[in-house]
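Taking the form predicted on its own, here's one chain by itself in structure tokens.
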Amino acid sequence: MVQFSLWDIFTFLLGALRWTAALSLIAFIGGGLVGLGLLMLRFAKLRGAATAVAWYVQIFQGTPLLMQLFLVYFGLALLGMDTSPLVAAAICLTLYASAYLTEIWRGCVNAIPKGQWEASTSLALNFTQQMRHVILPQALHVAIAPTVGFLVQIIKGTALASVIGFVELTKAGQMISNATYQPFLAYIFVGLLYFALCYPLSWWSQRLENRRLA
């Protein structure tokens, strides 16, 4: 059994936390960009686009994230693409986040009164101008709180990337546990670090929601 001090364990896990944060940011930003594109497609009144986006959302919401990770990781390998666990996890989490963000933002756009659509149509604005200048700015106020809340889900979802070998916080905790034979101590530290990362975002999301409803 290898002896580690508490400080050694903490600093090792703290180093892994940056990869959890980095993967979360990649998934959130990438998912946001893809999700925004899907949202525009869903409301663009293009033939079949809304149905295709709805199926995309249903597939990612209706299957376990763990299975999606395996499919992306081993699927890319079957296609002859030599990808690292980080790349596979980033692709999978980006697709996963885009599906959920599309649905969250669709609800926010639907919350905008129909009169706003009619008023912008009467001004002869095309679809892109309607979304850019009228609908999305109003929907943004509604969307901030649930979007921040979903970021917490992404952070916790990155823990599953450990199953394909990506060394983030959970994987680092497992490595410490295997080396020290002290799983309780290792996962206490892991849990505290997840809490330190997620709680401020949850608190901020709740505060934004309360402010919007006030």
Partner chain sequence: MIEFNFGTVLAQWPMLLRGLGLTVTLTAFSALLGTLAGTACAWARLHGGPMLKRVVGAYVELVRNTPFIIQLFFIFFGLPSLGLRLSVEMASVLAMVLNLGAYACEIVRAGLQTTPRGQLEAAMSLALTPWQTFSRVVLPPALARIWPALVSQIIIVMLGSAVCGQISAEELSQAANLISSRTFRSFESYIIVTGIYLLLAIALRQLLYWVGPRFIFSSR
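For clarity, every value in this text was computed on a predicted model and none was experimentally measured. Positions refer to the first chain, counted from 1.
In what follows, reference is made to the form predicted in complex with the partner chain, a form of this protein that is not presented.
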Problem - Contact test, all of 58, 70 and 162, partner the partner chain in the predicted complex, heavy atom 4.5 Å - result: yes
Completion exercise
As a check of understanding, the residue in 194, 12, 19, 204 with any heavy atom within 4.5 Å of the partner chain in the predicted complex should be identified as 194
Problem - Option from 106-114, 139-147, 121-129, 76-84 whose residues, in the predicted complex, bring a heavy atom within 4.5 Å of the partner chain - result: 76-84
Handout entry: 4.5 Å heavy atom contact, residue 180 to the partner chain in the predicted complex
Key = no
Problem - Contact flag, residue 63 vs the partner chain in the predicted complex, heavy atom cut 4.5 Å - result: yes
Practice task
Report yes if any heavy atom of residue 43 sits within 4.5 Å of a heavy atom of the partner chain in the predicted complex; otherwise report no.
Solution key: no
Handout entry: 4.5 Å heavy atom contact, residue 36 to the partner chain in the predicted complex
Key = no
Problem - Stretch 196-214: residues contacting the partner chain in the predicted complex, 4.5 Å heavy atom cut-off - result: 198, 199, 202
